[in-house]
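Heads up, the chain below is alone and in the form predicted alone; it's given as structure tokens.
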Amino acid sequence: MSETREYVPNVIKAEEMDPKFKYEISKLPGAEKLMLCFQCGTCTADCPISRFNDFYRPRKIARMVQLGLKDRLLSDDALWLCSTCFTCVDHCPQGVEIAGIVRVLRNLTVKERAVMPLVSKELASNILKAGYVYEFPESRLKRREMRGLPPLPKPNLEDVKKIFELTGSSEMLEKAKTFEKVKS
């Protein structure tokens, strides 16, 4: 006999809603068109990640922002599942940049809750250390040279460090706790 589960909708309580949240988010670069989302679902239908996770639905995320469900959004690690393939953006009839909204929410999560995936922290640390997201092994640099490719440009690490400090990213990176996997 198969086990069936009854659908129980998530109840939204009035005290969970922050009516100012959508306005705060829509002022940030990448989320300016949030209010244009009319919940058509095209973003979710085309999203490769939403097929594998119950929380990660671009349409649902946009609606949760519009409803002011800040705590629900920032406390769910599934926000980090977005691969930034921009399929949602490419297909949105209103030009809403869902991937940008997700980026804004991720940044807010790191800023307010000091938590991020381990891999994101490692990649950001690499930028700070080497100027690149990835550390290039010496063998790869030699292969480039053997193939006649020019050497990689030398990043100005002082400028990178200054940008991290001016944006507060250095401090956030230091304080951020990490998690290894998103549990769905």
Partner chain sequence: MSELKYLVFLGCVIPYRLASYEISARKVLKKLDVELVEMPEFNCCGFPMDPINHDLMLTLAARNLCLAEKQNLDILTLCNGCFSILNETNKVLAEDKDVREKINGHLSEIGMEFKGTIKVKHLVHVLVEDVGFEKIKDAVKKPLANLRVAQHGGCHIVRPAKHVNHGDDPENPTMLKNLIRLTGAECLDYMDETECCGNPIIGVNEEVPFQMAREKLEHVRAVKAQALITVCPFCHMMYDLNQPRIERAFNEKFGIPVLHYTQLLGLAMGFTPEQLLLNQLRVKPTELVSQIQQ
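Rigid core: the largest C-alpha set superposing within 1.5 Å between the two forms. Residue numbers count along the first chain shown, from 1. Owing to the predicted nature of the structure, the values given are computational and were not obtained by experimental measurement.
Beyond the structure shown, there is the form predicted in complex with the partner chain, which is absent from this document and is the topic of what follows.
Undergrad: Looking at the partner chain in the model of the complex, is some heavy atom of each of C82, T167 and E180 within 4.5 Å of it?
TA: Every listed residue reaches the partner chain in the model of the complex, so yes.
Undergrad: Although the partner chain is absent from this view, report whether C40 comes within 4.5 Å of it in the model of the complex, heavy atoms only.
TA: Because no heavy atom of C40 falls inside 4.5 Å of the partner chain in the model of the complex, the answer is no.
Undergrad: Considering non-hydrogen atoms and a 4.5 Å limit, does the partner chain approach M17 in the model of the complex?
TA: No, M17 is distant from the partner.
Undergrad: Contact with the partner chain in the model of the complex for K162, defined as at least one heavy atom pair within 4.5 Å: yes or no?
TA: K162: contacts the partner chain in the model of the complex.
Undergrad: I'd like to know if L73 sits close to the partner chain in the model of the complex, meaning any non-hydrogen atom pair within 4.5 angstroms.
TA: Taking the distances in the model of the complex, the answer for L73 is no, it never comes within 4.5 Å of the partner chain.
Undergrad: Between 43-61 and the partner chain in the model of the complex, list the residues on our side with a heavy atom within 4.5 Å.
TA: The stretch touches the partner through P48, I49, R51, F52, N53.
Undergrad: Has the Cα of V160 moved 2 Å or more between the shown form and the other one, judged after a core fit?
TA: After core superposition, the displacement of the V160 C-alpha between the shown form and the other one reaches the 2 Å mark, so yes.
Undergrad: Verify the C-alpha shift of K27 between the shown form and the other one: is it 2 Å or more after superposing the core?
TA: Comparing forms between the shown form and the other one, the K27 CA shifts below 2 Å.
Undergrad: By the 2 angstroms cut-off, has the C-alpha of R57 moved between the shown form and the other one once the rigid core is superposed?
TA: R57: C-alpha displaced by less than 2 Å between the shown form and the other one.
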